[in-house]
Ligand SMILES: O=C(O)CCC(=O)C(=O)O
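As C-alpha cells, one chain now follows by itself in the form predicted alone.
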C-alpha cells in the first residue's frame, strides 16, 4: 500500500516512486524470464506479433527494443499484473473497479536503446476521464546514463499538450517543452514508478554498457471508457480484463473537450510513430 506521503506526491507531482517494490530475487526471476523469451531472436528472424527489434543492427543482431503484451503471453508477468500487492496500490489511485489496459517491456539494450521523446500517455488513448495510471517496473538499475525515465512534475493537472502537426497525431509533444523542468527518476532494480496518464515523460538513448529493462503496465478505472479514434482504438481490446471490482455500465465523463488522435498510417508502436515524425521533419 502507498504511504500518505506517496499518495500526496502522486496527486501533487503526477507520479510516485515506490522503492524496493520487488525484492532482488523477484527482479532477478523476471530478468531470467526475459532472457529465455529473448533467446534465439534476430532482426531477420523474430515473431513480429510478440516483439520489436532495434532497427540499427545487422540481420543477425539480437537486440530487442520492445516486447508486446508480456502480461498476456507469459505467466510470470501475468501473475505480477494480477497480484494483490500491486492492485491494492492501483485501487488507492483509481478506486475499487479496475481494468487492466495493456503491458509492454522496453528493453533499452546497451549502447543503442532507442530514445523515447516527450509525450503524454492520454494522447495515445483518450478516455472519458483521466483515471488511468502507467506503472513502470525497473528490472535493472536505472540511472541517467542508461536512459532512466524523465518526467515533468505537476504538468498532469493542465490540458493535454499538442501532439500533432500537419493535422496528424505524431506521438510526441509538438509544442515547446521546457526541459529545464525535467526530473530524471533513477532507481534500483525492483523500484516502481506510478505515473499519471497526463504526466509528460521521455527517456534518452542508453549510452552505457548496462541494459535498462522496464516492464510497463497500464490500468484504468472501469468507468473510464475509450474514445473511438479508428483502428488504433481497438488494438488493446484483446488484452483488456477486469482485475478488481465490477465492469462499469456507464461512462464517467469529466472532460469538456477530448483531443482525438488522427493517425496518418497504422503503426506498431510509439517508436515507429515518433521515428516517422522525425523523418517527416527532416524532409520538410
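Numbering follows the first chain given and starts at 1. Here the structure is a predicted model, which means the values were calculated and not measured.
FYI, the form predicted together with this ligand isn't displayed, but the following is about it.
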{"item": "is_contact(residue 103, this ligand) in the predicted bound form, heavy atom dist at most 4.5 Å", "value": "no"}
{"item": "Residue 216 within 4.5 Å of this ligand in the predicted bound form, heavy atoms", "value": "yes"}
{"item": "4.5 Å heavy atom contact, residue 99 to this ligand in the predicted bound form", "value": "no"}
{"item": "Touches this ligand in the predicted bound form: residue 244 (any heavy atom, 4.5 Å)", "value": "no"}
{"item": "Which of 175-183, 198-206, 160-168, 85-93 lines the interface with this ligand in the predicted bound form (heavy atom within 4.5 Å)", "value": "198-206"}
{"item": "Whether 130, 151 and 156 all lie within 4.5 angstroms of this ligand in the predicted bound form by heavy atom", "value": "no"}
{"item": "Heavy atom within 4.5 Å of this ligand in the predicted bound form - the one residue of 135, 189, 80, 116 that qualifies", "value": "116"}
{"item": "Heavy atom contacts to this ligand in the predicted bound form at 4.5 Å, residues of 1-24 in sequence order", "value": "none"}
